[in-house]
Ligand code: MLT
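Single chain ahead, by itself, as structure tokens, in the form predicted alone.
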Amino acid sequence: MKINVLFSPVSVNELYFTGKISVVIDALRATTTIITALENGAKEIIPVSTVEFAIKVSGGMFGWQTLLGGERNTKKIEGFALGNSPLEYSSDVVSGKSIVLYTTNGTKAIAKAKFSSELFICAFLNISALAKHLAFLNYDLEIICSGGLNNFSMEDSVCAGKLISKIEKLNNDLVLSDSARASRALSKSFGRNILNMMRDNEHGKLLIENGFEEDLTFCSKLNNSNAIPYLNGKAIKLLPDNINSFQSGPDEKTD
């Protein structure tokens, strides 16, 4: 099983992912929000790469069953029902709804990897659950860090490293690319206290400046979820019963 990490999706084109197993990470905040929304009963998440397309897609759906969510540069987009804070996606708001989601980095990365044969969503919340499923599949893997405005992101790279370390505990026959080894090393150096790492990062500081410090606390939770979101056609849904037979309750909280 070979694992490669892309520190930004900008380095490859869409066709690169054809036939590959991929994982997209945008820990602050898109992939955390997607996991939370689906766990809280959202029917599906429809990721889009532009605001205009989000409005177009939502216009062709049943309005009362559809919510527009997203942000530009941390702030909720005017006219959208929701922003990109996972705290907004509570069960009373999203249960039974389809959510058309646009974010500055995360949904663009998902759209870039849409030709993957299988595409999964990862954040700190579901590392253990997803690692078990990926180890069970035992296929070569591309991990895509959404990054920040096409640049390197520490939190996404640390999350990738933790995912790799967890897979390594379940499958010791791994071949790691240089970028995968670098992610694992970053995780060991900077991932001991995820919340502090996020507070010290460029994007974390920006979120705090804009009043989203609670989001950092939520997004830093480790292994609080067994949810495994995956791209099914044009929508992200939960893997049915997390079909992996060795899943049980929420896994250990530390690595």
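Numbering starts at 1 and follows the sequence shown. For clarity, every value in this text was computed on a predicted model and none was experimentally measured.
Same protein, other form: the form predicted in complex with this ligand, not shown, and the subject of what follows.
Just one listed stretch, out of 49 to 57, 203 to 211, 223 to 231, 188 to 196, contacts this ligand in the predicted bound form at the 4.5 Å heavy atom level, and that stretch is 203 to 211. Taking the partner from elsewhere, residue 183 is found to have every heavy atom lying beyond 4.5 Å of this ligand in the predicted bound form. In the predicted bound form, this ligand sits within 4.5 Å of a heavy atom belonging to residue 104. Although the partner is absent from this view, residue 98 stays clear of this ligand in the predicted bound form, with no non-hydrogen atom inside 4.5 angstroms.
Taking the partner from elsewhere, residue 142 is found to have every heavy atom lying beyond 4.5 Å of this ligand in the predicted bound form.
Proximity to this ligand in the predicted bound form, defined as a heavy atom within 4.5 Å, singles out one entry of 74, 171, 165, 179, which is 74.
For the partner-free chain shown, 29, 30 of 29 to 45 come within 4.5 angstroms of this ligand in the predicted bound form, judged by any non-hydrogen atom.
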